[in-house]
Ligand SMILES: Nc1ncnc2c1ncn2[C@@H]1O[C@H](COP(=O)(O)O)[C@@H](O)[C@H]1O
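There is one chain below, alone, in structure tokens, taken in the form predicted on its own.
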Amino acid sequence: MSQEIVDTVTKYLTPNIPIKQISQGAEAVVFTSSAHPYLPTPEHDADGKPLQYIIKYRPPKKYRHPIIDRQLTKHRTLSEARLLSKLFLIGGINVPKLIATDPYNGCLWLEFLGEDLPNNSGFSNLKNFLWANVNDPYNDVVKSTLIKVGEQIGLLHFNDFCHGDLTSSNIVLARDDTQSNDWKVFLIDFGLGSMSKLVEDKGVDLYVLERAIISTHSAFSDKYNEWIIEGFSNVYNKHGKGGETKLKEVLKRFSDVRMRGRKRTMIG
């Protein structure tokens, strides 16, 4: 199936645009490319290396009727593009820049974020970053980064947006200076994202991330999740009594969602 998708994307983009597949999920396949959709020649960074871009492609689902499939693909691609465009304009929220979109072919062209971690620790998403620090799990860089993660989620929720699939793989870290340990946090992959004022949706977002941290870093998850909630709370607490009231509502619903999740786990 993967080669079939690569061939389809290559034909759609034309062979003049180089692509490299980096991941495949249930809804989309993600490629990198050094080609810009509008510029005739590749852009380069300060070191002279070609800049990379993300191409996110939603392949057709053969189990769906072709007309329904095309409608869903168009709707979901447009929804994600619009959501990213709105989030990019909100001060303080870090998301990839949307460069181009083709809803009819289920394609998004996005800014590439992140880098390879030292010592072959993988790409700089949150999950790999925490594994890279497993020998010193509570150091100051880990703490400050997780607080920033919480702040990004807090800004997202305070502005009444929800991610919908908030795992540690959908949080990417980047830094301007390769010698610096100061990481900037970005939220990516808003394929299931939405505008929502419902505390239930926000509680579910927090619960999904908590479970992701527990499943991959169980030995340190209590402290990690505590730091994330600290950053999350900081955003709401900056808005006075109104923010504090909203925070209590979200954290109360988060606790309720967590309790329901535990009951499901026990019952099976």
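As the structure is a prediction and not an experimental result, all values here were calculated from the model. Heads up: residue numbers just count along the shown sequence, starting at 1.
What comes next is about the form predicted in complex with the named molecule, which is not displayed.
Visitor: Given that the named molecule is left out here, which of 214, 30, 51, 208 has a heavy atom within 4.5 Å of it in the model of the complex?
Guide: It is 30.
Visitor: Pick from 72, 141, 117, 113: which residue has any heavy atom within 4.5 angstroms of the named molecule in the model of the complex?
Guide: Checking each option against the named molecule in the model of the complex, the one that comes within 4.5 Å is 113.
Visitor: How about residue 251: is it within 4.5 Å of the named molecule in the model of the complex, going by heavy atoms?
Guide: The answer is no: residue 251 has no heavy atom within 4.5 Å of the named molecule.
Visitor: Counting only non-hydrogen atoms and a 4.5 angstroms cut-off, does residue 123 reach the named molecule in the model of the complex?
Guide: Within the cut-off, so yes.
Visitor: Is residue 23 close enough to the named molecule in the model of the complex to count, meaning some heavy atom within 4.5 Å?
Guide: Judged by the heavy-atom cut-off of 4.5 Å, residue 23 is in contact with the named molecule in the model of the complex.
Visitor: Any chance residue 170 has a heavy atom within 4.5 Å of the named molecule in the model of the complex?
Guide: Yes, contact at 4.5 Å.
Visitor: Of these, 143 to 151, 104 to 112, 193 to 201, 85 to 93, which stretch puts a heavy atom within 4.5 angstroms of the named molecule in the model of the complex?
Guide: Answer to the contact question: 104 to 112.
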